[in-house]
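Quick heads-up: it's one chain on its own, the form predicted alone, in structure tokens.
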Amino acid sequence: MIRQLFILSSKGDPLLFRDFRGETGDDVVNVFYQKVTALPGDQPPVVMTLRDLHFLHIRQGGLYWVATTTADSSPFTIVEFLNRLAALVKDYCGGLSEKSVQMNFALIYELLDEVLDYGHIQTTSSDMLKNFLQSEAVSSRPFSLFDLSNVGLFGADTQQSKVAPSSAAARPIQASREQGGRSEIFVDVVERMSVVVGSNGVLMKADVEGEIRVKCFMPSCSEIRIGLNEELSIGKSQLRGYGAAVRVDRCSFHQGVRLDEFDSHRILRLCPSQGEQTVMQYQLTDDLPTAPPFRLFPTIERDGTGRLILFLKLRCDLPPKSSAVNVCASVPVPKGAVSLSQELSSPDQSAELQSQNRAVVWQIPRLAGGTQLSALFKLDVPGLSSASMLEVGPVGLSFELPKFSATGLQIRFLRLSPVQPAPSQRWVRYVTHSDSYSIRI
């Protein structure tokens, strides 16, 4: 049983508040934010307690989603409910942000009235809820299929002559046609890489976690069929097919996915509801079918004036037609560094010394495959010694790789059944993010 539910901004401003029982004071919002900000570290515990009241929260879209309850409730159930509530708000409002919540507070309050009754969970099914919600979402930016100004574009594998912007699916599922309510379906292959590269350039660890997400904007779609690589093998079993080997160690599927054609033809069948759902999750451990996307060549020395000299050369080993965007390299430096001078190989790069984090942050908006960039940093570190120079590194990279799949997983086809009478668009998009990419120097 949930007593209160509220949403806070990252600064602690209450965006929504609903008290279902009326048994606790109105200061629970301030109490929670004081407790969550007083804890050290960036990851506070999910469950916190104040006398007989328990606070359970998640972080989604830069917001705190908080529920309070007593000891007679399952924390796992409430945390799962908060995740599903955030997914519902994202589906019905078109995105998760402080602005979207503020602009759609009436719709979210209406949503809460349907999913919770006196603190008891009723349903989180978007198919059921769409019959009861009357308010329309307010979109901060109208969707346009021809807006190609965004850098992070994903290619459509089934329609290579057209490209959908990365914000194409960020719209309410019940948008009217005037708001851009086109009949479309998006299939996203999203992967996250965890890589550790030794100081000698040898790959020490390489893990990939991926998922296939489906976001449906079709009011009447009975079934979709998603064809994966015929050569896809699960685990250490014998490789399949005659093409390039594609392997994952383990995978799991949404409960609504039918797998009767998966073993023989690698086809997923499901009847999608409107909104976003994860149909498949998979993992590849200690193996990559290709070389890591980046390689770093560092040089560290001390000049005659006692300054620390860092020369970094970053090479992108992606195919020439691919590129990385939003690349950020964070280089830990000795404690006490006071100033930084820099020489960058291109004008669109930037770098700064973050004294609080003891790191030099090097920002690269775009790095094409098969190219390399360099940076020379000179730091003034009082009392620099050989021991303090050992504090440099390891380098942490964060990036986004559009139109790239680290495991090689591909969508062969995306078919709708029955064939839609109205014009519909099908989009397949690939993106690989960095989860933890560390290079020792």
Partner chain sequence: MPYLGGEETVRELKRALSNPNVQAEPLRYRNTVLRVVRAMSQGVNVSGLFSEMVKACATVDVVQKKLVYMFLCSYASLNPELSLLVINTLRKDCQDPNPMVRSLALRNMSNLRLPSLVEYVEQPLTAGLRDRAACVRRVAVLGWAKLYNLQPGSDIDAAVVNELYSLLRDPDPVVMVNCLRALDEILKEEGGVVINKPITHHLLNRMKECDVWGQCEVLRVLQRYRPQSDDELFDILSLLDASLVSPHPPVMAATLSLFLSLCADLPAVSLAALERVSGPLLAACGSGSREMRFTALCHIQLLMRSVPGLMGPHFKRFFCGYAEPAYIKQRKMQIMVELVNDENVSMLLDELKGYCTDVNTDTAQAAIQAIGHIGRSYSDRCLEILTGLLGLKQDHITSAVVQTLRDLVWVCPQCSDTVCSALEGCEETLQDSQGRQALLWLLGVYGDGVSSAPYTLEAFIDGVKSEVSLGVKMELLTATMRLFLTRPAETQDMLGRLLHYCIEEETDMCVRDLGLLYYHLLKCGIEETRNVLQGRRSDPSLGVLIGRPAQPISQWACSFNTLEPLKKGGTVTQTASRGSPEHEASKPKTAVELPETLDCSHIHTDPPDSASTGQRSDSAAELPAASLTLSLSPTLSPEEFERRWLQRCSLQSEEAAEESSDFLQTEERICCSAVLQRSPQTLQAAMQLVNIQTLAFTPPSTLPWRVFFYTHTAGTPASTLILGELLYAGEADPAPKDEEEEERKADGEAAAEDLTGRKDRQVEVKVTLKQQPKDEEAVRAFLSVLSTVLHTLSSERHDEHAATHL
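Residue numbers count along the first chain shown, from 1. Keep in mind the model is a prediction, meaning the values are calculated, not measured. Only the largest set of C-alpha atoms that superpose within 1.5 Å between the two forms is called the rigid core.
One more form of this protein exists, namely the form predicted together with the partner chain; it is left out here, but the text below deals with it.
J.: What stretch, of 316 to 324, 367 to 375, 343 to 351, 279 to 287, brings heavy atoms to within 4.5 Å of the partner chain in the model of the complex?
T.: Looking at the other structure, the answer is 279 to 287.
J.: Please tell me whether any heavy atom belonging to residue 338 falls inside 4.5 Å of a heavy atom of the partner chain, as the geometry stands in the model of the complex.
T.: Flag for residue 338 set to no.
J.: Hey, in the model of the complex, is residue 97 touching the partner chain, heavy atoms inside 4.5 Å?
T.: Result no; residue 97 lies far from the partner chain in the model of the complex.
J.: If you check in the model of the complex, is residue 407 within 4.5 Å of the partner chain, heavy atoms only?
T.: No, no contact at 4.5 Å.
J.: Do residue 357 and the partner chain share at least one heavy atom pair within 4.5 Å in the model of the complex?
T.: Yes, residue 357 lies within 4.5 Å of the partner chain in the model of the complex.
J.: Name the single residue among 79, 257, 86, 300 that comes within 4.5 Å of the partner chain in the model of the complex, judging by heavy atoms.
T.: Answer to the contact question: 79.
J.: Just to be sure I understand the contacts: of 183, 273, 233, 122, which is the one whose heavy atoms reach within 4.5 angstroms of the partner chain in the model of the complex?
T.: Exactly one residue meets the criterion: 122.
J.: Could you pull out the residues of 386 to 408 that have any heavy atom within 4.5 Å of the partner chain in the model of the complex?
T.: In sequence order, 387, 388, 390, 391, 394, 396, 397, 398 come within 4.5 Å of the partner.
J.: When the two forms are laid on each other by their rigid core, does residue 398 show a Cα shift of 2 Å or more between the shown form and the other one?
T.: It does not, since the residue 398 C-alpha is displaced less than 2 Å between the shown form and the other one after the core fit.
J.: After superposing the rigid core, is the C-alpha displacement of residue 116 2 Å or more between the shown form and the other one?
T.: Shift at residue 116: 2 Å or more after core fit.
J.: If you line up the core, does residue 410 shift 2 angstroms or more at its C-alpha between the shown form and the other one?
T.: No: residue 410 shifts by under 2 Å between the shown form and the other one.
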